[in-house]
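This document opens with one chain alone, in structure tokens, the form predicted alone.
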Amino acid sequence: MNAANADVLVAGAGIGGLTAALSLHAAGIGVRVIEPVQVLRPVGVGINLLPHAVRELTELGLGEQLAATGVATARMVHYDRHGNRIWGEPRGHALGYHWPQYSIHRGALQMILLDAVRERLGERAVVTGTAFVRCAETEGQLLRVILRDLARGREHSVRVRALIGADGLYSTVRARLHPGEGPPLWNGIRMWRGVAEWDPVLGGRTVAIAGSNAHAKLVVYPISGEAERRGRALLNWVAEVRFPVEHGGMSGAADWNRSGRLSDVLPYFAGWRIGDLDVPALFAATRRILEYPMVDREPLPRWGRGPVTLLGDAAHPMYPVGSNGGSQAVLDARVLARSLAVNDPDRVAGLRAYEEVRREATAELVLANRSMPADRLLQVVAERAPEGFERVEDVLTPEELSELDAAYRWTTGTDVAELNGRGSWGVG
């Protein structure tokens, strides 16, 4: 199997790369996807798809699969470490959007996208076991790209009109475009993540956030529609702990599949109970715990050059503060396809038009997530009421409470009226 005869070649079969393939195909543009992993499996933990991403995936015909697989988030609520409610707001439809917000297993979402690509573009549309090596030269309107068949250890070349690097945090395409950038930047927070089947908690469809990552913070939410239909909950949890180290002092690589240990995370959350959720018991019931440093990269002054550009985490890795990383990759893919279609047949002009729309918008989100505006207020609560409180109004002023609303508007980068009112990005 090879990736020859593709108009556009996408490196990376993650959420962004597969959404790009579906969007390009819908726009009438030929596309192939390469992926170093030989067999794609539903690995990972939970993510949130915000309404702006759900809209785009729904327009790609995936609305029913999302509704059946994920959980339509009803609300997001902040608590202190003692379980006292600080602030909350409705999400998705309840906030006024025409589209829901979904909490979903990342691997399940990837399989939905992969199945759709193979069904619509053919089994040969995704070439696994194949890695991008380098771009050789441009011949007229064609770019010669060197790929490696990892099973055989052989290199071969293909000619395409555009190359999209959607190959994640350690993007090889990005490294070729921006050599010498160095490793991802760590902010001192380590995250432990896991998934466990549990009784429904906190109303069943809540994204709950407790504590503050000035010290220790918990995020937990259900991610499985199938478990919900059985009267259960598949709870995704993220435990964040800040360590007193210099920014950039990360030891080891940021690897989403790195195993973590219960004994490392449990002491920071001993005795935590949020409503009807026993936090240590949930951790102990988790079969596999993953450990990951919270990292990002500096926003780039440019993404691509010539017929090459970046997408998703390869372009703008960001802290998971606004639950927006995966959603932004979906938006990238949709704008990419539209820009290439509008500027057809000039692929270079299409790529630059895509970057013009997406680069500054995502750079603002990277910087907004770094500032962690909501967490600053959560830390204020911890400092003013370390033993808890009865009324949040005794701890935060009305102006400070309103700042929490503004913080999430800033880090999610979406507006109800704007999203509901704008036209479709589809061109197919």
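Quick caveat, the model's predicted, so the values are computed rather than measured. Position 1 is the first residue in the sequence shown; the rest follow in order.
A second form of this protein, the form predicted together with a small molecule, is not displayed here; the remarks below concern that form.
In short, of 182-190, 164-172, 299-307, 75-83 it is 164-172 that has heavy atoms within 4.5 Å of the small molecule in the model of the complex.
Using a 4.5 angstroms limit between non-hydrogen atoms, G322 is distant from the small molecule in the model of the complex. Mapping the unseen interface onto this chain, E35 counts among the residues with a heavy atom inside 4.5 Å of the small molecule in the model of the complex. In the model of the complex, the small molecule lies farther than 4.5 Å from every heavy atom of A20.
Contact check for E240: every heavy atom lies farther than 4.5 Å from the small molecule in the model of the complex. Though the small molecule is absent from this view, in the model of the complex it lies within 4.5 Å of a heavy atom of just one residue from R106, R205, R352, R159, which is R106. Just one of F132, Y97, Y102, W87 comes within 4.5 Å of the small molecule in the model of the complex, counting any heavy atom, and that one is F132.
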